[in-house]
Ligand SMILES: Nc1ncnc2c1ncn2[C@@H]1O[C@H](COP(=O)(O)OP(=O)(O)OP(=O)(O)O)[C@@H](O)[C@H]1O
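Shown here is one chain on its own, the form predicted alone, set out as structure tokens.
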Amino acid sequence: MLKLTCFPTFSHFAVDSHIIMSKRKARDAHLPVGECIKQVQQILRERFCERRLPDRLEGVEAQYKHLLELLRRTAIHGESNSVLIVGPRGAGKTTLLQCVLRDLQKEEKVQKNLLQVHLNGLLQTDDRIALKEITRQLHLENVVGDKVFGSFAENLAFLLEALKKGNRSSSCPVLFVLDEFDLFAHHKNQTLLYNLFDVSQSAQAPIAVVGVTCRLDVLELLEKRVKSRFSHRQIHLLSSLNFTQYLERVWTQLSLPDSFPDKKFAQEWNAGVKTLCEDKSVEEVLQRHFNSSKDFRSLHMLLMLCLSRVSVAKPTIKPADLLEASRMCFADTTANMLHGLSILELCLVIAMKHLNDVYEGEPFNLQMVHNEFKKFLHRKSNSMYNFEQPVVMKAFEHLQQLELIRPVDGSSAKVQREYQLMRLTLDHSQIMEALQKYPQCPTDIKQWAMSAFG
């Protein structure tokens, strides 16, 4: 029997070589610059906006372990606990808590049982609002219905009772997270704090109370009866960051990952970031930011402003971009408002400055300011700045709306508007800086502002 051997034809070689070529092209292909920049901005914005939690926390391993163990005992063993997380703003208190909760939720038993209630002192400004929010987050609106409770404690006890499945051991553990904890201490009689700590201490139901605050003296704000029911556990997060670590953070935050589609662009971008971080002028700017705040949120704001200046025409971040972003971050917003004032409003501000100089910071009223302005007009031969009293009144009110002037505390509301005492919220340097930058500011007004007593 004859065996027929098939030899590959030229067309086979052509197809194979075409496949190999296309694979090589796919591997070596470069995305258009516009597409690369779009992806860079998407990756870095997600990073700067902190939408993703870090896989592993650095520098706070002991605090992480302590909090995780504490909440696990509540979630799995039904043990009630209370703890305060204390540290300055931007130290990572919320990130620590969120990482602990994320890792805790991976355990099946916790996932099924643990209920969470998140309250914020800025939003829940009194105990009635807080109780409504607790009811909503525990999905117990239908259970409560139209019931009338004699006290806050009775209402809270009813909510916790409703979560029981039958016996105490099968009660759902509840985690209460109180953000801006110090603000809850200002509620009338500290009823919410008293009842939560009382439940956690008396083991009526398995609950954990976690307070998050930036006030180191927070325990001094608590009443004696509240303090006696608190466990006095505190987890402190104090930043031990040095400038070298801060620079490394800038480098890691701006660098692209290895998984970026266009390897060549990623290498060029990362090389540009390294050059940027080594630049002396950039180092000085970052040192200034580091000295003013070690908060990573302010750093992310700075880097976000730099990122917004990246475009197809300029696909890397230059030192000039960082300098401009820094200038915007440190810009005096109050002084910037002066650039948009009318000439009349600017004249009134200068008149107030002169009154402050003459009377050494004593309060003034509209009539005094108007008289000071008239003195300036008398020295001028032209009448281009002559304004009627109602127009001056309107300008004065606009300055008050902008909060460039504010009423003196305790000044009577019955006093006529032109005699109501005010204080200027601007200082001498802000006014002079604004005058230098004011577009087409008349020379005589500048001279009036610079003269000793007008």
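Source: prediction; values computed, not measured. Residue numbers here begin at 1 and follow the sequence given.
Omitted here: the form predicted in complex with the ligand. The next part is about that form.
Just one listed stretch, out of 68-76, 84-92, 187-195, 100-108, contacts the ligand in the predicted bound form at the 4.5 Å heavy atom level, and that stretch is 84-92. Proximity to the ligand in the predicted bound form, defined as a heavy atom within 4.5 Å, holds among R229, H354, H300, H289 only for H300.
Among the residues Q253, Q234, Q204, N371, the one placing a heavy atom within 4.5 Å of the ligand in the predicted bound form is Q253.
For the chain shown alone, L57 is a contact residue for the ligand in the predicted bound form, at least one non-hydrogen atom being within 4.5 angstroms. Interface membership of R417, defined by any non-hydrogen atom within 4.5 Å of the ligand in the predicted bound form, is ruled out. The closest heavy atom approach of F296 to the ligand in the predicted bound form falls within 4.5 Å. In the predicted bound form, the ligand sits within 4.5 Å of a heavy atom of R52.
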